[in-house]
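Single chain ahead, written as structure tokens, the form predicted alone.
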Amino acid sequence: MKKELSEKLKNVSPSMTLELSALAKRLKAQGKDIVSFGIGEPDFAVEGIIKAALIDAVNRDMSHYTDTKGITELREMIADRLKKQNGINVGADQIITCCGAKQAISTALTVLCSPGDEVIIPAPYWVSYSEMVKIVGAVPVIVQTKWENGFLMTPDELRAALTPRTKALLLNTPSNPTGNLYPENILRDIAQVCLGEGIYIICDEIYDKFLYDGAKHFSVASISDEVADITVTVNGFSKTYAMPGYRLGYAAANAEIIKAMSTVQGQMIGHPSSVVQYAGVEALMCDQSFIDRNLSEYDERRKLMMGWLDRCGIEYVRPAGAFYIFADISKYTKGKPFGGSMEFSMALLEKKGVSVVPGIGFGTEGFIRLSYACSRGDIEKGMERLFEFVTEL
């Protein structure tokens, strides 16, 4: 008789985002007209000059192993980007490139956490955070934030969650799923708590270029050298450059952490695709005006979706960043007609062909997440169906 798989898997849940996305794809394959507001993937094509750089790297036979941390040219450009745009003073030796921001976070957790250590995660949170923590043997400590605070964790809520086992705080700004972002004053107060307790901060800033209504992104690692020393800043190319399938992300931290991440990555993964790294160089080097052009389109989609939610009578967090809206459907999930956000989401998909992600997947019941990383035509069609769905309840 075969032995059982690892006990670590017993407490790890599959991604609800990917699970519902897979169901939507199956229904679509069956010929059903599905509008997906589910998965957070840019629908823009990769810029031609970036694709050309990838093809050029293939043609130049840049197919050999690179430094585990990534090619020097790319790491130097990432360091320069962080200095000029995020105020984070790092050198190339403090950068590691990874197979996406997701891998950067999981590797950071691996080197920072020992079994039984606790990682504080404000809810609502991106679906993979808690499961990543479990996989490395640590314990996710979920802090349920409040609607009235824009679902932003306060310093007092952080203090209340601390124990002698607390090792790290995992932040996401701008946030997936709420679209909100932490202002500088709150981040400064949170950083002081972490400094005082000697705990690390992992800050996922993958949406730092997706900002609306004059909102400004602030990087916690830019506060001071002391704060930078306890912070791992994570970012990547998937969202800003519409390169999700290229799987290229990075982390910036002190040299000790980066060396440890390089050791783990070298043993388990190696490095991101060599040719993709050259595409990353071009992405950072080329004319960046397309980012503003894409953002302008996202903003129009955001306004369109908010207008439909207003018409539906559904309240939501007004997103200042990212490309999601976190909508309150609790009036439909308090016993009837649905028992929770999962039941609401499944019924919406089966009856109206609209795919959303239930709030329970983000640790906050009574909400759904809608992505507006899709065409305006799809938004019009899908939101009209949502309006019909809630009107018929």
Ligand code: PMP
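When you see a residue number, it is the position in the sequence shown, counting from 1. These figures come from a predicted structure and were not determined experimentally.
A second form of this protein, the form predicted together with this ligand, is not displayed here; the remarks below concern that form.
Remark: all three candidate residues (N172, Y207 and K239) come within 4.5 Å of this ligand in the predicted bound form, counting heavy atoms only.
Between 96-104, 161-169, 195-203, 296-304, the stretch whose residues reach within 4.5 angstroms of this ligand in the predicted bound form through a non-hydrogen atom is 96-104. Note on the partner interface in the predicted bound form: the residue among R188, H271, R81, R247 having a heavy atom within 4.5 angstroms of this ligand is R247. Note on the partner interface in the predicted bound form: the residue among Y182, Y129, F151, Y316 having a heavy atom within 4.5 angstroms of this ligand is Y129. The closest heavy atom approach of F367 to this ligand in the predicted bound form falls outside 4.5 Å. In the predicted bound form, this ligand sits within 4.5 Å of a heavy atom of N176.
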